[in-house]
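In structure tokens, one chain follows: the form predicted on its own.
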Amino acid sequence: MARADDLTLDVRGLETRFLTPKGPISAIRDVSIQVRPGEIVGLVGESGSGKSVTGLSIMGLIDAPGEVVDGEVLLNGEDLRQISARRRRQLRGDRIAMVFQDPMMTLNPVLRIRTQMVEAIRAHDPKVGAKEALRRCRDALAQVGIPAPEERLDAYPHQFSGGMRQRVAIATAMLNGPDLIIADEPTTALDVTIQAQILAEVQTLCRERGTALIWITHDLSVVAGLAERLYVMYGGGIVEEGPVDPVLDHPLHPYTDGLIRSVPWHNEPGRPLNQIPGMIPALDRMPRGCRFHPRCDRADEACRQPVALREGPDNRRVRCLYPLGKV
């Protein structure tokens, strides 16, 4: 466990609820994540596990009928849950930024790239002159591998391919040198060649600038080559965390093991794909205790009681009474 003063982001016990016709339901609960300067952390799990809600909660982008009801979100020691709305707007896009799966959630289709990027700079530093802002925009586009950045600044988003739009979104997020970027499956819709290029560029940018990055994905093959540490989510909570190689090579939690075994390249040709039995339960029907126990062949009556994260080998933690390895 890193010291608090070594961390860019320190999320402690985060819980987000949504008001529904059936009453308030927790989409995530007791989520704790730590990210150091320049570190890339992977947040993985099935659809519906709470990954995106976690990212939006950290950013302070949860709106009614949702609400962050518990926990701390410390960015360089400053609790983002306790600051004013004005201070939060100052930090977004400056010290903390988010890249979405669909770049058109970030880019305005009726404005030139030049206008959008310059506004992103001057919104946080009005003293920056036009020439300096344009220089920073050109440099940012060049850093993410966009050719002829001077010409591209005059283009509209629809004149870019999907991969190029995502590069623009990443460049815009990096413009003000943020301390933290949260990337929510930003390469899922891209072909593998473009995906590999963007991943390599992101790694370089984080290493050179010291930017911390949370990469949200369901694709284990992506985080295997990108992240340094991994957080595995299931049913709105963290079930395993640790350095990426030990977690993927020797998973402790049965759910992590099931995720890895369900990846196609783990299966022999001609044989049915391995699957985790059952389905992830609906938020309003989450089982008590370990939320994975109805799908787990190692579970017994004790798993129906609350299970805390336990220390494991290799600087890892796991939320399981009967882990696969020695704890």
Partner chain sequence: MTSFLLRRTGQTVVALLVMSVLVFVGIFMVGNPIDILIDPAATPLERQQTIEAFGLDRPVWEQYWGFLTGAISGDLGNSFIYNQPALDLILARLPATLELAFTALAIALVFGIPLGIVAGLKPRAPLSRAIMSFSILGFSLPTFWIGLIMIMAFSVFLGWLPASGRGETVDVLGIPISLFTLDGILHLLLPALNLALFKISLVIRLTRAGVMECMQMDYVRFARAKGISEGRIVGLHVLKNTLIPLITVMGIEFGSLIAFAVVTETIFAWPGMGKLIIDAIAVLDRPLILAYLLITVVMFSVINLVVDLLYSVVDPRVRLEDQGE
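Remember, predicted model here, so these are calculated numbers, not experimental data. Positions refer to the first chain, counted from 1.
The next section is about a form of this same protein that is not shown, the form predicted together with the partner chain.
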#### Entry: Heavy atom within 4.5 Å of the partner chain in the predicted complex - residue from Asp297, Glu268, Glu301, Asp63
Asp63
## Note on the structure
The one residue among Thr187, Thr172, Thr211, Thr217 placing a heavy atom within 4.5 Å of the partner chain in the predicted complex is Thr172
### Message
Within 4.5 Å, heavy atoms only: does Glu119 come near the partner chain in the predicted complex?
### Response
yes
### Query
Is Thr204 close to the partner chain in the predicted complex, meaning a heavy atom pair under 4.5 Å apart or at it?
no
#### Entry: in the predicted complex, Thr115 touching the partner chain (heavy atom, 4.5 Å)
yes
### Query
Though only this chain appears here, would Gly93 touch the partner chain in the predicted complex if you measure heavy atom gaps against 4.5 Å?
yes
### Among 142-150, 99-107, 237-245, 220-228, the region lying within 4.5 Å of the partner chain in the predicted complex by heavy atom distance
99-107
### Task
Using heavy atoms and a 4.5 Å cut-off, decide whether Met59, Leu111 and His158 all contact the partner chain in the predicted complex.
yes
